[in-house]
Each structure stands twice: as C-alpha cells, then as structure tokens.
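The form predicted on its own is given below as one chain in structure tokens.
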C-alpha cells in the first residue's frame, strides 16, 4: 500500500528554484531515502507533503488524502521532524514536551521516558538557550512522541554528534522492524545507506535517479583494479583490450589499470589475465557516494557531508 505519494509535484519559485515534476511513492513498512545537498528541493517537497504549501501543479498525498486540503485527517498518524528547528520561547523543554503531549494525545509515559533516555535528552533548560544539538534531540523525541505509523524526517541528524547520529540510525532500524513507514530526507550518505530500502537522488529540484538500495550494493557490473609486475605486460594488456568485447579498460594509474566487467564475463577476464604477471587484483565496490557523485561530479562543495 502506498502511504506517501508525490505525483508530478511542481512549485516554481523562479530562477531555477523550486521542485519540478517530482514523483515518488513510499510503501507501507518501507524506508525511503531522499538524498541531495541543501537547496536541492528536499525540504520544499516535504513542506508540500505536510500540507504547509499548495502545489503549483501535481499532487501530494498521505494515506490517500490530499496533503493541502485534508491534512487534519492524517496528521495524528504522522510524526514530522523539520529540517530547521524553531521552538517557542519562554518555555522549558519539559513544558514544551507537555504541550506537545497534549497536542498529540501521547499518553504512554513509559515510551516517552524511553525516548528521552535513548537520546540522552535533558529537557530542563529553556528552549531559547538550548544548543542546536539539544534542540534537535528535543525535536526527535517530539516527532516520535505518540508512536506514529508514518515518519517524515527532514535532515534528522543535523546538529547531532556522531554518537547520537549512530543512535538515531539504530533507532530508525528498530522502527523499520516495527513496520513504520519512513521518508528520510538527508544529505548524509551513511544514514541513508544504513537504513533505506529505496533511494531517490534529487538535483536542482528534479529527481535524477531512483533505485532499490540492494541493487546498488549487489549490482552485476563490477570494476576491478589490476596491478602488473612490469610495464611491458601492462602496455600489452591495454593494447589488446581494444580487440575484446567482454570487458573494458576504463582507467590507467601508474602500474595499475581499472577494468569494467559484468559478472557474466568475469571468467573471460580471468582467462585472459593468465598470460600476464599480475601482482594485485582488487574489486572496487561502488558506494552510494560514488553513485551519487556521477550526478554531482561537477559540484565540488557540498558543505562537508557530501
């Protein structure tokens, strides 16, 4: 069952800013990764999903209900973690939690204590004086407060230290086991790679790739790095590569070459290599970051995480 739907969503703010014909779905019990740098269109898409903005064209739905017009019908089942945390002034963390418990009708105090302990949250201070990390932990607890079935998480670990980032990843894995439906928007490869079933890459407001995460991890097209004992063997192998149709030399680096080959043809490669002096034969596994950078290779500055 499709619990989250974005269908041909367009919101054009001018000067190539906004989102353009964005479409994806998130099925029940699935973790869907929405990957891209800041400014790519992730938060704009999520604001429309949450019903904060009306689409210029297209549709956003949660549980089959149009987000902008019928958000009150699905909101009790949705936990939302915004990318930018804005807490009301004049309250302590405890007072803010009490207010949100009433709004969300969250009554399971044992579960709420579990959340506070899991994220090592001290809610005693005033919200205005809290550090970014404490504000983020408070927002995380609030998003999960009423144990919602659907979670929409926008840059959830921004501002958290490495320990809490890992704690959050483990928590999402547990929520996934419990059958939660999760949209995880992020620019951090590690948390997307560790948690998501499917991933969409967004660039300049457009989806440029959508794929099953395991397909990338177990793809049949492989890259191997070969090192030769002598330059003559390397030169001969490169010269003869032009005559074969089973694999291809895609790079040369010192005494090494890089070979692209499909699993079904790897035996041809190994057979041909038998006549050369090979000192090293290494599989270069393509990571999520490697795949992502095929679309962003011309962009050099991603603010650290990318």
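Positions refer to the first chain, counted from 1. None of these values were measured; they are calculated from a predicted model.
Although it is not shown, the form predicted in complex with a small molecule is what the next lines describe.
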6, 64 and 67 all contacting the small molecule in the predicted bound form, non-hydrogen atom within 4.5 Å: no
Of 259, 49, 40, 31, the one that lies within 4.5 Å of the small molecule in the predicted bound form (heavy atoms): 40
Stretch in contact in the predicted bound form with the small molecule, which is absent here, among 23 to 31, 41 to 49, 270 to 278, 250 to 258 (heavy atoms within 4.5 Å): 41 to 49
Any non-hydrogen atom of residue 294 within 4.5 angstroms of the small molecule in the predicted bound form: no
Residue 17, heavy atom within 4.5 angstroms of the small molecule in the predicted bound form: yes
